[in-house]
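Shown below, as structure tokens, is a lone chain in the form predicted alone; questions about how it binds or moves come after it.
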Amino acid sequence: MQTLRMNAGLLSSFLEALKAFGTLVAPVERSPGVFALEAIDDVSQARPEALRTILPFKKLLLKPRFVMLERRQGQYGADGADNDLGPVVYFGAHSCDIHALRILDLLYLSDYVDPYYKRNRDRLTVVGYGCMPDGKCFCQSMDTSTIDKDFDMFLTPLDGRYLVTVNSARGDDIVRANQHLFQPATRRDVQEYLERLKEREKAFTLSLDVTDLPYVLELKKDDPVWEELGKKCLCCGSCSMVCPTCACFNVRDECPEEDSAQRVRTWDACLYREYALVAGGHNFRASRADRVKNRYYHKQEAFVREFGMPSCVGCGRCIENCPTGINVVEVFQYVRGEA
């Protein structure tokens, strides 16, 4: 790991330099306060200070919809090229995003490797950017508010400059190709970083008590809170679509035109009524309460049991996008009998 400094006025030059390493993707403001993660050519569009984009970076690894297998005029194709995005540089990843990337790696690269995911993951360059929390962030509670691995470079904004952490061979290549942009970090940079760290810790206003939470959930499987939550939740799947770690998908066959067929993979959600529907018409989670409960238990209990960590990173997207105002922190407060 290497620590450097870069003048804030050189950010545009830095972003231009990143284009040599792949398609540059960054948060872009589409309307006041609404940000989307998009490929950009004009680097002035980049808004790395945006706390959260509508859809997270997972769309850079697995598209919401792509063709896995195609038959056209008697010929088959199965290379999955429809999901290939080529080399991509993701600029503006926050600490919680990078933790989410680690979770997706566990899901898709452990035991049975997902080739579609791996192909894009191997060509993804991650350039992080330090943020300040708002009232929907609870990443501090999830121990995802800071990061020390799984990225190539990380920029922490200081007064008129950035503290630049280089954490991979690819990040080192970027530095070597653009040495005129960087200088060695000074004691003053380090001291200001530590002061910013304290300021950031104090800025968190939302917290989730995760003390022994998997066991608490085990004890509360029949709690009335799940029925009450089922009455409020629309099971629209918004929280799953915007969640950086939700990974449910569906595979179906389509015939878009005569003498052609496609096997298509799409994002899905365990909140949808049809998700647990099987042949014969039986549905393992027919009620909304069961589906909502399943999602919460997977995040904070089942994933912990499997991988030793929850699959929620506290980014606040589900809180921001729920049409009925369901707040995950409040849900667990009810489960604990604190609200």
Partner chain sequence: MSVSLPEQLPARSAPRKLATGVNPYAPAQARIMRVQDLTSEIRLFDLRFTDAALAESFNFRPGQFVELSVLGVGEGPFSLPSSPTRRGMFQLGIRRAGTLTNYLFDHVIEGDFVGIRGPLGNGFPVELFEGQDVLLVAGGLGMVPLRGLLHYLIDQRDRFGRVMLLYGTRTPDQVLFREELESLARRGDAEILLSVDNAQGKPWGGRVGVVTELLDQVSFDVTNTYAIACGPPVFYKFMLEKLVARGFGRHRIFLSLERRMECGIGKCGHCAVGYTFTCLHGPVFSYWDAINLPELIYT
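Residue numbers count along the first chain shown, from 1. Just so we're clear, the structure is a prediction, and the values are computed from it rather than from any experiment.
Keep in mind that the form predicted in complex with the partner chain is not shown, yet the notes after this line are about it.
Although the partner is absent here, Lys221 sits close enough that one of its heavy atoms falls within 4.5 Å of the partner chain in the predicted complex. When contacts are judged by a 4.5 Å heavy atom cut-off, Arg252 counts as touching the partner chain in the predicted complex. The partner chain in the predicted complex is approached by Leu69, whose closest heavy atom lies within 4.5 angstroms of it. In the predicted complex, none of the heavy atoms of Asp122 sits within 4.5 Å of a heavy atom of the partner chain.
Contact with the partner chain in the predicted complex, defined as a heavy atom within 4.5 Å, is made by all three of Tyr116, Val278 and Ala302. Residues with any non-hydrogen atom within 4.5 angstroms of the partner chain in the predicted complex fall in just one of 81-89, 263-271, 145-153, 172-180: 263-271. Contact with the partner chain in the predicted complex, defined as a heavy atom within 4.5 Å, holds for exactly one of Met132, Val190, Leu107, Leu197, namely Leu107. Interface residues of 227-248, taken as those with a heavy atom within 4.5 Å of the partner chain in the predicted complex (partner not displayed): Ala247, Cys248, in sequence order.
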